[in-house]
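Take a look at this single chain in C-alpha coordinates; it is the form predicted alone.
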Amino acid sequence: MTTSASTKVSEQLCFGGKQLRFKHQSAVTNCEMQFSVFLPPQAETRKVPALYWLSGLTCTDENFSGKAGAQRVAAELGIALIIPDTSPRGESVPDDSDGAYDFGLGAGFYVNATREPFVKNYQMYDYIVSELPALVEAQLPITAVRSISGHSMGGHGALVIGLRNPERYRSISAFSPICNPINSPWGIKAFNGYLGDDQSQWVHYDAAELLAKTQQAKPILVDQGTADNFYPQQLRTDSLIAAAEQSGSNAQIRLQPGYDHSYYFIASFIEQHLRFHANYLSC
(Lines give C-alpha, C1' and ligand atoms only; values in the text may rest on other atoms or scores of the structure.)
Protein backbone atom coordinates (compact mmCIF):
# COMPACT_ATOMS: atom_id res chain seq x y z
CA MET A 1 0.00 0.00 0.00
CA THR A 2 1.39 3.37 -1.06
CA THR A 3 -0.30 6.44 0.39
CA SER A 4 0.43 9.88 -1.01
CA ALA A 5 1.65 12.60 1.32
CA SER A 6 -1.01 14.84 2.76
CA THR A 7 -1.50 18.47 1.77
CA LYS A 8 -2.46 21.05 4.39
CA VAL A 9 -5.76 22.74 3.59
CA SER A 10 -6.09 25.08 6.56
CA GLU A 11 -4.47 26.06 9.87
CA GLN A 12 -5.74 28.06 12.85
CA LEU A 13 -4.17 28.76 16.23
CA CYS A 14 -6.22 27.27 19.06
CA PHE A 15 -5.41 27.21 22.81
CA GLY A 16 -1.71 27.57 22.04
CA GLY A 17 -1.85 24.66 19.60
CA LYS A 18 -2.89 24.30 15.98
CA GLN A 19 -6.15 23.19 14.40
CA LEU A 20 -5.25 21.76 11.01
CA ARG A 21 -7.04 20.22 8.05
CA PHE A 22 -5.43 17.98 5.43
CA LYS A 23 -6.31 16.15 2.24
CA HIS A 24 -4.58 13.17 0.61
CA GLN A 25 -5.12 10.53 -2.02
CA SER A 26 -6.01 7.31 -0.22
CA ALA A 27 -4.78 3.98 -1.53
CA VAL A 28 -7.37 2.25 0.65
CA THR A 29 -10.55 4.14 -0.27
CA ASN A 30 -9.36 4.96 -3.82
CA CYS A 31 -10.35 8.60 -3.58
CA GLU A 32 -9.25 11.86 -2.01
CA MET A 33 -9.83 11.92 1.75
CA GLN A 34 -9.85 14.83 4.17
CA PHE A 35 -9.07 14.74 7.88
CA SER A 36 -8.58 17.24 10.70
CA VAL A 37 -5.92 17.30 13.41
CA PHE A 38 -5.52 19.30 16.59
CA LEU A 39 -1.88 19.50 17.68
CA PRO A 40 -1.48 20.65 21.29
CA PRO A 41 1.28 23.15 22.12
CA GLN A 42 3.49 20.33 23.48
CA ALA A 43 3.86 19.08 19.89
CA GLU A 44 6.18 22.02 19.20
CA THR A 45 8.94 20.31 21.20
CA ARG A 46 8.11 16.59 21.24
CA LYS A 47 5.89 13.93 19.75
CA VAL A 48 2.55 13.51 21.50
CA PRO A 49 0.00 10.65 21.83
CA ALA A 50 -3.28 10.82 19.95
CA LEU A 51 -6.98 10.29 20.42
CA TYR A 52 -8.74 9.24 17.22
CA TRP A 53 -12.30 10.57 17.01
CA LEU A 54 -14.86 8.93 14.71
CA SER A 55 -17.92 11.02 13.88
CA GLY A 56 -21.49 9.94 13.18
CA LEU A 57 -23.98 9.86 10.33
CA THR A 58 -23.96 12.90 7.98
CA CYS A 59 -20.85 14.34 9.66
CA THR A 60 -17.49 15.25 8.15
CA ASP A 61 -14.12 15.73 9.83
CA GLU A 62 -15.17 19.26 10.83
CA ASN A 63 -18.17 18.59 13.11
CA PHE A 64 -16.21 17.47 16.16
CA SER A 65 -13.47 20.09 15.80
CA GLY A 66 -16.01 22.92 15.60
CA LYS A 67 -18.68 21.83 18.09
CA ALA A 68 -17.26 19.63 20.85
CA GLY A 69 -14.96 22.13 22.56
CA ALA A 70 -12.29 19.46 22.99
CA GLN A 71 -9.20 21.50 22.15
CA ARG A 72 -8.89 23.34 25.47
CA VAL A 73 -8.52 20.15 27.50
CA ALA A 74 -6.50 18.37 24.81
CA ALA A 75 -4.06 21.30 24.89
CA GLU A 76 -3.74 21.01 28.67
CA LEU A 77 -3.21 17.24 28.53
CA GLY A 78 -0.83 17.24 25.55
CA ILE A 79 -3.04 14.97 23.41
CA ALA A 80 -3.43 15.27 19.64
CA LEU A 81 -6.90 14.83 18.17
CA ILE A 82 -7.12 12.95 14.86
CA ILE A 83 -10.52 13.41 13.19
CA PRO A 84 -11.15 11.52 9.94
CA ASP A 85 -14.09 11.89 7.60
CA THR A 86 -17.01 9.47 7.92
CA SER A 87 -16.84 7.98 4.42
CA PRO A 88 -15.09 8.18 1.06
CA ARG A 89 -16.31 11.04 -1.12
CA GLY A 90 -16.22 12.21 -4.72
CA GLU A 91 -18.22 12.03 -7.94
CA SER A 92 -17.01 8.49 -8.65
CA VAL A 93 -17.90 7.18 -5.17
CA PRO A 94 -21.24 5.32 -5.10
CA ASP A 95 -24.00 6.68 -2.87
CA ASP A 96 -27.39 5.47 -1.68
CA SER A 97 -29.69 5.21 -4.69
CA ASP A 98 -32.39 7.21 -2.87
CA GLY A 99 -30.00 9.74 -1.34
CA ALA A 100 -30.79 8.60 2.21
CA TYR A 101 -28.69 10.03 5.04
CA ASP A 102 -27.98 6.68 6.71
CA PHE A 103 -26.15 4.91 3.88
CA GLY A 104 -23.49 5.89 1.36
CA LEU A 105 -21.77 9.27 1.47
CA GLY A 106 -21.34 10.40 5.07
CA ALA A 107 -22.31 6.95 6.34
CA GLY A 108 -19.41 4.55 5.86
CA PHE A 109 -20.10 2.71 9.14
CA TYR A 110 -16.34 2.00 9.52
CA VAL A 111 -16.55 -1.37 7.78
CA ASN A 112 -14.67 -2.91 4.86
CA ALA A 113 -17.36 -3.33 2.22
CA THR A 114 -17.42 -6.61 0.33
CA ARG A 115 -20.44 -5.93 -1.91
CA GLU A 116 -20.45 -4.16 -5.27
CA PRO A 117 -20.41 -1.31 -6.08
CA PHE A 118 -19.14 -0.26 -2.65
CA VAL A 119 -16.15 -2.56 -2.31
CA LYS A 120 -13.76 -0.30 -4.25
CA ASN A 121 -14.15 2.74 -1.99
CA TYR A 122 -15.86 1.86 1.28
CA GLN A 123 -12.88 0.40 3.14
CA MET A 124 -13.20 2.65 6.17
CA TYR A 125 -12.13 0.01 8.69
CA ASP A 126 -8.71 -0.39 7.06
CA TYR A 127 -8.46 3.35 6.52
CA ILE A 128 -8.91 4.09 10.23
CA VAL A 129 -6.89 1.15 11.58
CA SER A 130 -3.92 1.25 9.22
CA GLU A 131 -3.64 3.96 6.58
CA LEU A 132 -4.51 7.09 8.53
CA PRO A 133 -2.30 6.32 11.58
CA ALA A 134 0.64 5.47 9.32
CA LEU A 135 0.19 8.77 7.51
CA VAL A 136 -0.12 11.07 10.53
CA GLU A 137 2.61 9.32 12.50
CA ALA A 138 5.02 9.66 9.58
CA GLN A 139 4.26 13.31 8.78
CA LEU A 140 3.30 14.90 12.11
CA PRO A 141 4.80 14.95 15.64
CA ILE A 142 2.50 12.14 16.79
CA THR A 143 3.51 8.89 18.47
CA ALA A 144 2.07 5.40 18.00
CA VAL A 145 0.42 5.65 21.45
CA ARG A 146 -3.29 5.85 20.62
CA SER A 147 -6.79 5.78 22.05
CA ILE A 148 -10.07 5.90 20.16
CA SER A 149 -13.49 7.50 20.67
CA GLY A 150 -16.55 8.48 18.68
CA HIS A 151 -20.24 9.37 18.53
CA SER A 152 -23.24 7.39 17.28
CA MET A 153 -22.10 5.61 14.08
CA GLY A 154 -18.61 6.71 15.11
CA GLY A 155 -19.13 5.33 18.60
CA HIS A 156 -19.92 2.01 16.94
CA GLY A 157 -16.71 2.35 14.92
CA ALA A 158 -14.60 3.24 17.95
CA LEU A 159 -15.89 0.30 19.99
CA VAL A 160 -15.49 -2.21 17.16
CA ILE A 161 -12.04 -1.02 16.11
CA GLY A 162 -10.82 -0.78 19.70
CA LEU A 163 -12.15 -4.22 20.62
CA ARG A 164 -10.74 -5.87 17.52
CA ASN A 165 -7.32 -4.23 17.84
CA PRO A 166 -6.45 -4.11 21.55
CA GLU A 167 -2.73 -3.97 20.74
CA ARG A 168 -3.21 -0.66 18.89
CA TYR A 169 -5.27 1.33 21.41
CA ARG A 170 -4.79 2.08 25.11
CA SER A 171 -8.44 2.91 25.82
CA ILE A 172 -11.85 3.23 24.14
CA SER A 173 -14.79 5.56 24.66
CA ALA A 174 -18.05 6.42 22.95
CA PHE A 175 -21.03 8.76 23.08
CA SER A 176 -24.42 7.33 22.10
CA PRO A 177 -22.89 4.44 20.12
CA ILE A 178 -24.80 2.04 17.89
CA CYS A 179 -23.98 -0.85 20.21
CA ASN A 180 -25.70 -3.79 18.54
CA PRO A 181 -26.03 -2.95 14.81
CA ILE A 182 -27.00 -6.48 13.77
CA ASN A 183 -30.28 -5.80 15.62
CA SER A 184 -30.61 -2.09 14.78
CA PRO A 185 -32.48 -0.69 11.75
CA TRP A 186 -29.49 1.52 10.89
CA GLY A 187 -27.06 -1.36 11.18
CA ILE A 188 -29.20 -3.87 9.30
CA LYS A 189 -29.55 -1.47 6.36
CA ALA A 190 -25.84 -0.63 6.29
CA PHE A 191 -24.58 -4.18 6.72
CA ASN A 192 -26.90 -5.52 4.03
CA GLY A 193 -25.69 -2.81 1.68
CA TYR A 194 -21.96 -3.04 2.38
CA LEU A 195 -21.55 -6.70 3.38
CA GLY A 196 -24.46 -8.57 1.83
CA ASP A 197 -26.86 -10.97 3.49
CA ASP A 198 -24.28 -13.31 5.07
CA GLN A 199 -24.88 -12.35 8.69
CA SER A 200 -21.90 -14.37 9.86
CA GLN A 201 -19.83 -11.44 8.54
CA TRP A 202 -21.90 -8.84 10.35
CA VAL A 203 -20.87 -9.93 13.85
CA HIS A 204 -17.28 -8.79 13.20
CA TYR A 205 -18.63 -5.22 13.25
CA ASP A 206 -20.96 -5.50 16.24
CA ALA A 207 -19.64 -4.11 19.53
CA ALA A 208 -22.04 -6.05 21.77
CA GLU A 209 -21.16 -9.33 20.08
CA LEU A 210 -17.43 -8.58 20.30
CA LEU A 211 -17.50 -7.39 23.92
CA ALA A 212 -19.47 -10.44 25.08
CA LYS A 213 -16.70 -12.71 23.83
CA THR A 214 -13.62 -10.64 24.65
CA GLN A 215 -11.13 -11.63 27.30
CA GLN A 216 -8.77 -8.66 26.95
CA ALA A 217 -10.86 -5.52 26.49
CA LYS A 218 -9.05 -2.28 27.14
CA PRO A 219 -10.67 0.27 29.50
CA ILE A 220 -13.99 1.45 28.06
CA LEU A 221 -16.15 4.49 28.88
CA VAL A 222 -19.59 4.95 27.28
CA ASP A 223 -22.08 7.75 27.88
CA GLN A 224 -25.69 7.52 26.69
CA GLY A 225 -28.34 10.19 27.18
CA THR A 226 -31.76 8.99 28.31
CA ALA A 227 -33.57 11.69 26.25
CA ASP A 228 -31.83 10.57 23.04
CA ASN A 229 -34.53 10.04 20.39
CA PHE A 230 -32.53 7.11 18.98
CA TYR A 231 -32.34 5.36 22.38
CA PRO A 232 -32.98 2.52 22.79
CA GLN A 233 -34.24 1.22 19.39
CA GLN A 234 -31.34 2.26 17.16
CA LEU A 235 -28.55 2.34 19.73
CA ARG A 236 -29.41 -0.74 21.85
CA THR A 237 -27.28 0.24 24.84
CA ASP A 238 -28.89 -2.56 26.85
CA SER A 239 -27.10 -5.10 24.65
CA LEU A 240 -23.72 -3.53 25.43
CA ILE A 241 -24.46 -3.50 29.16
CA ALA A 242 -25.38 -7.20 29.01
CA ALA A 243 -22.23 -7.98 27.02
CA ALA A 244 -20.02 -6.18 29.54
CA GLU A 245 -21.60 -8.15 32.39
CA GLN A 246 -21.18 -11.42 30.49
CA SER A 247 -17.49 -10.86 29.80
CA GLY A 248 -16.62 -9.14 33.07
CA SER A 249 -15.03 -6.35 31.05
CA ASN A 250 -13.55 -3.14 32.39
CA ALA A 251 -16.38 -1.04 30.97
CA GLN A 252 -18.16 1.98 32.44
CA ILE A 253 -21.51 2.43 30.69
CA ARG A 254 -23.32 5.47 32.06
CA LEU A 255 -26.88 6.61 31.38
CA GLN A 256 -27.04 10.40 31.61
CA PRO A 257 -30.57 11.60 32.53
CA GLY A 258 -32.11 14.17 30.19
CA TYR A 259 -29.33 14.38 27.61
CA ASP A 260 -30.05 13.91 23.91
CA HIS A 261 -28.05 12.82 20.84
CA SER A 262 -26.58 16.23 19.99
CA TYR A 263 -23.18 17.85 20.27
CA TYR A 264 -24.47 19.67 23.37
CA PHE A 265 -24.31 16.25 25.02
CA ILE A 266 -20.80 15.60 23.70
CA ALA A 267 -19.60 19.05 24.80
CA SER A 268 -20.96 18.41 28.29
CA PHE A 269 -18.87 15.27 28.87
CA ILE A 270 -15.92 15.50 26.46
CA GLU A 271 -13.60 16.75 29.21
CA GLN A 272 -14.32 13.64 31.27
CA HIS A 273 -13.60 11.43 28.26
CA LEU A 274 -10.32 13.19 27.49
CA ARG A 275 -9.16 12.88 31.08
CA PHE A 276 -10.19 9.22 31.05
CA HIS A 277 -8.00 8.61 27.99
CA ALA A 278 -5.13 10.68 29.41
CA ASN A 279 -4.81 8.15 32.24
CA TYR A 280 -3.82 5.51 29.70
CA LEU A 281 -2.08 7.59 27.03
CA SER A 282 0.51 8.75 29.57
CA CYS A 283 1.47 5.20 30.61
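Every value quoted in this text rests on a predicted model; they were computed, and no experiment measured them. One rule holds for the numbers: they count along the sequence shown, beginning at 1.
Although it is not shown, the form predicted in complex with another copy of the chain is what the next lines describe.
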{"property": "Exercise: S249 in contact with another copy of the chain in the model of the complex, heavy atom 4.5 Å", "result": "no"}
{"property": "Another copy of the chain contact at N121 in the model of the complex, heavy atom, 4.5 Å", "result": "no"}
{"property": "Partner proximity in the model of the complex: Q25 to another copy of the chain, non-hydrogen atom cutoff 4.5 Å", "result": "no"}
{"property": "Heavy atom of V9 within 4.5 Å of another copy of the chain in the model of the complex", "result": "no"}
{"property": "Heavy atom contact within 4.5 Å of another copy of the chain in the model of the complex, the stretch among 233-241, 250-258, 47-55, 210-218", "result": "250-258"}
{"property": "Another copy of the chain in the model of the complex reached by all of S97, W186 and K189, non-hydrogen atom within 4.5 Å", "result": "no"}
{"property": "Within 5-28, the residues that have a heavy atom no more than 4.5 Å from another copy of the chain in the model of the complex", "result": "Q12, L13, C14, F15, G16, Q19"}
